[in-house]
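Only one chain is shown below, in structure tokens, and it's the form predicted alone.
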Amino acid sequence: MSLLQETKLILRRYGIKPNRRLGQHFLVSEGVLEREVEVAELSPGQRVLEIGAGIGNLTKYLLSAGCRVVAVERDPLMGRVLRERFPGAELEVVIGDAVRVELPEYEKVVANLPFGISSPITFRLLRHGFEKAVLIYQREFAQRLAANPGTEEYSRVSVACQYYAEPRLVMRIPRGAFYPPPEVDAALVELIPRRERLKVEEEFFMRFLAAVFPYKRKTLRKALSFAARRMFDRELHLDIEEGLLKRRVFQLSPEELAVVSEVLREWSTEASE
């Protein structure tokens, strides 16, 4: 029996009609699941967090790798399926919204994320920390996470993610790999925490990114003038290299943006004294 056939059988048995609003698209490609687990480099006994576990297609592979799995699932009926499908397994099922529920301890994260919570759950995980995360996203969001400076996809999300981790786009996943198929393609992304984070004050840096990236196609000089009014309601005069000021925001690397952020933070501290 193929995984697609098994999935349809389980859904019929429990009377489940996939809820697209909740992102209930079940991964039924065994090749993609095998690749996801391979990239995660799992070891027997590792504690793995799975978010949006659904009926357990990925869970099955994680348990087969000898992992202790903590599956967070919003739908209580899906939680019942997980418990009944894997009785006696090293599986803890947590029912709740992964964005808000208290997360248990874990070493790695492997998950097919509901597309609707991609951004909030990703940054919650990045702030919490992990050894490695291997996650499936909507392809467009995945491209933004891993985007390089100067590209169309490079954005505030790119820089914020790359502050915490090094993202790698592993593979594109066609919508036909899911049942029912979503309206967009997906992508598999590996996130490895940075050994050394950028030397910035984190909270201010995130505020700075939020202030300048709405003007990402403006020069840094122009974007900073807008950002200063937005952040401080005043004009600013910063000692920043002229070459940087002439470049457009989306052309600047995370490291260059960090330098600008720190100059701006120091200026704001002095200006308020």
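When you see a residue number, it is the position in the sequence shown, counting from 1. Here the structure is a predicted model, which means the values were calculated and not measured.
This next part talks about the form predicted in complex with S-adenosyl-L-homocysteine, which is not shown.
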| Exactly one of Val72, Ile173, Leu125, Val200 has a non-hydrogen atom within 4.5 Å of S-adenosyl-L-homocysteine in the predicted bound form; which residue is it? | Val72
| said: If the cut-off is 4.5 angstroms on heavy atoms, which of these, Glu152, Glu105, Glu183, Asp97, is the one near S-adenosyl-L-homocysteine in the predicted bound form? | reply: Asp97
| Taking Gly23, Phe26 and Pro114 as the candidate spot, are all three within 4.5 angstroms of S-adenosyl-L-homocysteine in the predicted bound form by heavy atoms? | yes
| request: Using the partner position in the predicted bound form, report whether Ala53 sits within 4.5 Å of S-adenosyl-L-homocysteine, counting heavy atoms only. | output: yes
| said: Against S-adenosyl-L-homocysteine in the predicted bound form, would Gln46 count as a contact residue? Criterion: heavy atoms within 4.5 Å. | reply: no
| request: Answer with yes or no whether Met78 is in contact with S-adenosyl-L-homocysteine in the predicted bound form, where contact means some heavy atom within 4.5 Å. | output: yes
| query | So which stretch, 54-62, 38-46, 241-249, 218-226, is the one near S-adenosyl-L-homocysteine in the predicted bound form (non-hydrogen atoms, 4.5 Å)? | reply | 54-62
